[in-house]
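Take a look at this one chain, the form predicted alone, written out in structure tokens.
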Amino acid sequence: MRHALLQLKPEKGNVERNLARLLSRLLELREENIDVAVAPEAYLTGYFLQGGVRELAMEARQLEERLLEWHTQHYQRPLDLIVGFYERDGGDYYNSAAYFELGGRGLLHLHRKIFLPTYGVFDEERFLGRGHGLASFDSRFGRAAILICEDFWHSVTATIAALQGAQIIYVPSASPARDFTGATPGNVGRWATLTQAISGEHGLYVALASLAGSEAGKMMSGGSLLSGPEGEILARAEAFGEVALIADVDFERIPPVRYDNPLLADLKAGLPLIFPELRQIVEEL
């Protein structure tokens, strides 16, 4: 299963230009026989939109219609595509990522970001609603889940996805560069550490597609990567620039890895033993 992790630089607020750039990039990669392409968090508008969310957010079905029309006219062969965007649902607004099966079932899954940062340079919860669901889903290739940026920094979310059977977790991200004490921004290294730890613990793949470019005086770090079920990094993009990171995923690797390192099976067996404590914590919130 061939993946393209699209590390792209959006033009802030220009949905038409950004969508056209995404579709043009997919056409350029057609000879690569891509099965799944992943665009970053909030790619269609740029991340630091703030009050502009209300004006530029779009419905998931509206985006689906445009992608299906383009696919029918220009692409032909099946393509699965994950896109990060600001979503409008009635009077509610979300930081969302949608999984589209183009040439098949269309909009297959929609994830709304649960953890909205409000620290440092971030102020998401002022303008957006929190998502209230975390569900793995069946793609035409296997079992998958989507977590958006900070969703992934809370390891419990990836654990839930793994317990739900996910073989791969897609992580659209927009991460401003910080900590310049090393050769690359410190947050790029932190992302690599997280993806390797989660992949290795649960015996699955993690595909991180990170935004690039400059927004509101902040540089988006890039550093997209794919990690494998033994916790190894299989492919990594450089920081900052636009990159189409091409990498292959083989779900057949997962069963033997989980057999040799049965942490997920042990967690399933032990979960009933700690569930009362988990329930008590929730009740005390």
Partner chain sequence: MKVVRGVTAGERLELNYQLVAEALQRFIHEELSDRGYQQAIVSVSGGVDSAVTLALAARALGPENVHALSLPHKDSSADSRKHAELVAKRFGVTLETIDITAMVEGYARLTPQITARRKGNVMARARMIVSFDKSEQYHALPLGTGNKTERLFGYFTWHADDAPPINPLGDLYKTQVWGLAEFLDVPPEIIRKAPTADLEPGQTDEDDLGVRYRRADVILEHYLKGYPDEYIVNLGFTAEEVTLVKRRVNRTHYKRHLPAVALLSSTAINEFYLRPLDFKLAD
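All values reported here derive from a predicted model rather than from experimental measurement. Residue numbers count along the first chain shown, from 1.
The discussion below concerns the form predicted in complex with its partner chain, not included here.
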I'd like to know whether G52 contacts its partner chain in the predicted bound form, with contact meaning heavy atoms within 4.5 angstroms. yes
Would you check, heavy atoms only and a 4.5 Å threshold, whether L27 touches its partner chain in the predicted bound form? no
Within a 4.5 Å heavy atom cut-off, is Y93 in contact with its partner chain in the predicted bound form? no
Does E215 reach its partner chain in the predicted bound form if we count a contact as any heavy atom within 4.5 Å? yes
Heavy atom contact within 4.5 Å of its partner chain in the predicted bound form, the stretch among 222-230, 245-253, 58-66, 41-49: 41-49
Within 4.5 Å of its partner chain in the predicted bound form, heavy atoms considered, which of G131, P176, P185, G200? P185
If we test each of R105, R77, H74, R126 for a heavy atom within 4.5 Å of its partner chain in the predicted bound form, the one that passes is R126
Give, in sequence order, every residue of 1-40 that has a heavy atom within 4.5 Å of its partner chain in the predicted bound form, or say none if there are no such residues. K9, K12, G13, N14
